[in-house]
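A single chain, nothing else alongside it, follows as structure tokens in the form predicted alone.
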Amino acid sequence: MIHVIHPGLQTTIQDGGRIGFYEVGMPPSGAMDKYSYAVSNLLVGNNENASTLEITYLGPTLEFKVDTVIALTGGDIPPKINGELVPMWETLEIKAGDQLSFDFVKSGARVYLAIAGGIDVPQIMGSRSTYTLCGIGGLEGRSLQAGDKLEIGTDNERTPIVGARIEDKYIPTFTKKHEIRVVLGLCSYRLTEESKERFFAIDWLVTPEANRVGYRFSGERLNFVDREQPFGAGSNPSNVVDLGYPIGSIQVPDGVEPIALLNDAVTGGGYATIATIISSDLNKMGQIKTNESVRFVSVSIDEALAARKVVKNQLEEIKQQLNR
């Protein structure tokens, strides 16, 4: 069992996501940075969908009541065991009575804490992920609170080796300026050609409205092609007849402050979505903080698929390394 002494800013239980319910309006939730999430589970010998803690900006203080092993991956929020700094991206030994805490965030935004066996909470729609807007999954559908007790699960597949560490080439670095690749669409035809060019030409600043639902960006107004709005589309030129929102889709309400919709966002609505972040760069989005800048880069579907294959191959290479 693990006791929560201090919960941190927003610490939630997340796994690979609640897949297969988009059509009924249920977003997947799950880890924002799936690459870091996957590596943390590999380091402790868990199966690929074991539940972890997703730690945002300010880490919790946790007391372990049993001997176990853990791994911490993702952004640089330096972890400490009993007040002593310990490395990330490595399998660490925990003894009963040890306390895990964190220093202030240095880079990135989210850390993933994997525990051998995962965290034992009920599955809802095939997932243990927390979706706070509906209050389901995780621990009572909410972020952790002081006094909570977490049970360790049995989602381990192999015995981890304490001190195992992945190679440096597989560890991402996080800066304050980011390039995020997108595929243009679904409703990019609604933007003027000049605004399409400006969307990719400027650096967008992440506003304080940046969380698991979505990130809002400030920059400049984008303009829409004049037209008579179709029935059911609403009066604003940024409105369209309702459509589905893929994870990572970018809408521009009234042409100002684009919003990238992420893991906990609504699944559909009536705003024009002008581009969609490619799946491999959703991992990067999960590590961006308020007041950092983003430059969007247009890529083709083939380039997006190739980027996804690179991430998949990296995870396979890490798995082979740890299984030697």
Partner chain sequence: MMSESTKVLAAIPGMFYRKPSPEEDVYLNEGDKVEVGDIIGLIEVMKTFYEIKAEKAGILESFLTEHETMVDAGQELAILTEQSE
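Positions refer to the first chain, counted from 1. Keep in mind the model is a prediction, meaning the values are calculated, not measured.
Another form exists, predicted in complex with its partner chain; not displayed. Remarks below refer to it.
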Exactly one listed stretch (284 to 292, 65 to 73, 39 to 47, 257 to 265) reaches within 4.5 angstroms of its partner chain in the predicted complex by non-hydrogen atoms, and it is 284 to 292
Answer yes or no: in the predicted complex, does its partner chain come within 4.5 Å of a heavy atom in every one of W89, A164 and E317?
no
Checked L139, I152, A210, V183 for heavy atoms within 4.5 Å of its partner chain in the predicted complex; positive is A210
Practice problem: Check whether K95 has any heavy atom within 4.5 Å of a heavy atom of its partner chain in the predicted complex, and answer yes or no. | Solution: no
Test of understanding: in the predicted complex, would I19 fall inside 4.5 Å of its partner chain by heavy atoms? no
inquiry  = Check V105 for me: does it contact its partner chain in the predicted complex (non-hydrogen atoms, 4.5 angstroms)?
reply    = yes
*asked:* Using a 4.5 angstroms cut-off on non-hydrogen atoms, would R110 count as touching its partner chain in the predicted complex?
replied: yes
Contacts from 20 to 49 to its partner chain in the predicted complex (any heavy atom within 4.5 Å), listed N to C, are none
